[in-house]
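We begin with a single chain expressed as C-alpha cells, specifically the form predicted alone.
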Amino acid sequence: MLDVVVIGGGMSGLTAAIHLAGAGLKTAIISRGDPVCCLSTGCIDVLDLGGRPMDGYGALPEGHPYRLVGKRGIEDGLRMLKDIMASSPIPYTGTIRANREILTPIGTFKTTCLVPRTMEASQGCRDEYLHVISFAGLKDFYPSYITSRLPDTGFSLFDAGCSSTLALAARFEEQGFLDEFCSWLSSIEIPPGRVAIPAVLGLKNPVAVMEEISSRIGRTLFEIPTLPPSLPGMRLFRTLKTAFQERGGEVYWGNPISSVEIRGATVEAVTLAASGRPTRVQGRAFILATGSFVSGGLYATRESVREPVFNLAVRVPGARKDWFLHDFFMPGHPIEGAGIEVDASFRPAGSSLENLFVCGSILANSEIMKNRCGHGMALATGLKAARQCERMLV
C-alpha cells in the first residue's frame, strides 16, 4: 500500500508529490497525460496586482487559496521550486520581492516573477537595440510582430533545415549544428545590443547552449517563449517529474481513473482504466490536483459544474448566464471562481472524506487569469496540501 496517491501530474500535483516523497512517504502520481504546464511559458506568475508580487495580497478575497496558504506559504513554494531547479541544468532566477518583464512573441511584455535563466536578459531589453533571430519555416513565431512594436529592433533568418520547435531543439543539442549557427551569427553585422531567439535552445541543457552562443558572438542572448508546444514549459515539467522519481516516487501515466473505493470517511483506492487488466492503486491518503476546466478537473454542464473523480461539491458563481462577461477577452470572468472549497487543512469543505486533500487550480476563488497567479498558486497550495497530508500520516 502507498502512503499517498496524488491524482494529477501538473505543477501542484508534482509539488505535493515531491515534498511527500522527499519526506520518506511512499508516494505515487496518477495522470491521464502530460499536463497543461507543458503548454505554458515556463515562467512562474505569483500575483500581478501591483509593482511587487505581494503588493496585491491584501486585496484578495478571504476565500482565495493564497489567503489560506499565507505569505510565508507562497515564499516556501517558490523557494522549493528554485532549489529543485538550481540542482538541474535549468536554474530559475527572480525573487518574490519583485516582478519582472519578459518579451512575448507578439512584441508585448508579460509580467511574471521567476523565469528560467535563459529568459533572464529579457528584463530591460526595450531600453537598447534588440536583434531577433528566427528560423526559415518556423510557424507561430514572426519577428515582424516584435519589430513593429519595438522601434529599435532588427531581425535575421537562419535556415536550420527544420521548422518545428522540437526539431530545432534537437539540432541545438548537436555540436556541429551549434558551430554552424554560431559562425553564421558571428558573420552578421548587428548594431550593439542584445540578441533574442525563440525558445529552441535544446531540452536538456539550454543554459549551456545559450552561454556558448553568447560567448562566441560576444553578445547577451535570451530566449523568447513561443506558442505551444512550449519548450520552457516542457523543460519545467520534465525536471519536476524527474525530481519526483529520483526521490523514489511511482508514476502511473496515461490512464484515467475509472472508479473510486470509499469506505465510511476514508478513500481506500482508485482503479485505472486500461485496455487489459485494470490497475488498482491503494493509499492511506489522497491528494486531488486535477486542475480546472482545461485540464479536465472540472466539467461544465448546462446547469452546473461537476468534479468527475470524487463528485465533490463545486462552488459555482451563480446561474450559467452570469458565468461570463459580455467581452470574452476581458480577464476576470466569474466562472474563474468555480472550484472546490477547502478548509484550513485543505480538505474539501462539506465532505466527510478525512484522508482527501485538494490543491491547485481546481480550488474555488482562484481567478487565475484575473490575478495572474497560476504557477505560483500551484506551488503554494501543492506544498500546503502535502504538509497537511504529511501531518495526518506521520
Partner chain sequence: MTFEHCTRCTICVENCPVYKVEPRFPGPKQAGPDAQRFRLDPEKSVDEWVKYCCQCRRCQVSCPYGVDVADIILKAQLKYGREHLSPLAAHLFANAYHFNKLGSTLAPLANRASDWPLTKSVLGLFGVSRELDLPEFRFVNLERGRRRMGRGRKVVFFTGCHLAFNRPDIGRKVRDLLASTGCRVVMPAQTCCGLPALGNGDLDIARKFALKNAAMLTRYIDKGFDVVYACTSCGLTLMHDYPGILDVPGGRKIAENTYNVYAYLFPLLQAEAEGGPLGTLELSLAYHIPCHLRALGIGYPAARIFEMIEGLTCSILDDNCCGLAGTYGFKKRNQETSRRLGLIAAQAVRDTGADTVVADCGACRMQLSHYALMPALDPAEIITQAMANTPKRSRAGSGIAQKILQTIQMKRRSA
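Positions refer to the first chain, counted from 1. Note that the structure is a prediction, hence the values are computed from the model and not measured.
Just so it is clear, the following notes concern the form predicted together with the partner chain, a form of the same protein that is not shown.
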| query | finding |
| --- | --- |
| Of E174, E180, D83, E261, the one that lies within 4.5 Å of the partner chain in the predicted complex (heavy atoms) | E174 |
| Y252, F141, F158, W323 - the one with a heavy atom within 4.5 Å of the partner chain in the predicted complex | Y252 |
| 4.5 Å heavy atom contact, G33 to the partner chain in the predicted complex | yes |
| The partner chain contact at P229 in the predicted complex, heavy atom, 4.5 Å | yes |
| 4.5 angstroms heavy atom contact with the partner chain in the predicted complex for R238 | yes |
| Contact flag, I133 vs the partner chain in the predicted complex, heavy atom cut 4.5 Å | no |
| Candidate stretches 306-314, 216-224, 186-194, 240-248 - the one whose heavy atoms come within 4.5 Å of the partner chain in the predicted complex | 240-248 |
| 4.5 Å heavy atom contact with the partner chain in the predicted complex for all of C38, S164 and A167 | yes |
| Members of 279-318 lying within 4.5 angstroms of the partner chain, judged by heavy atom, in the predicted complex | T279, V294, S295 |
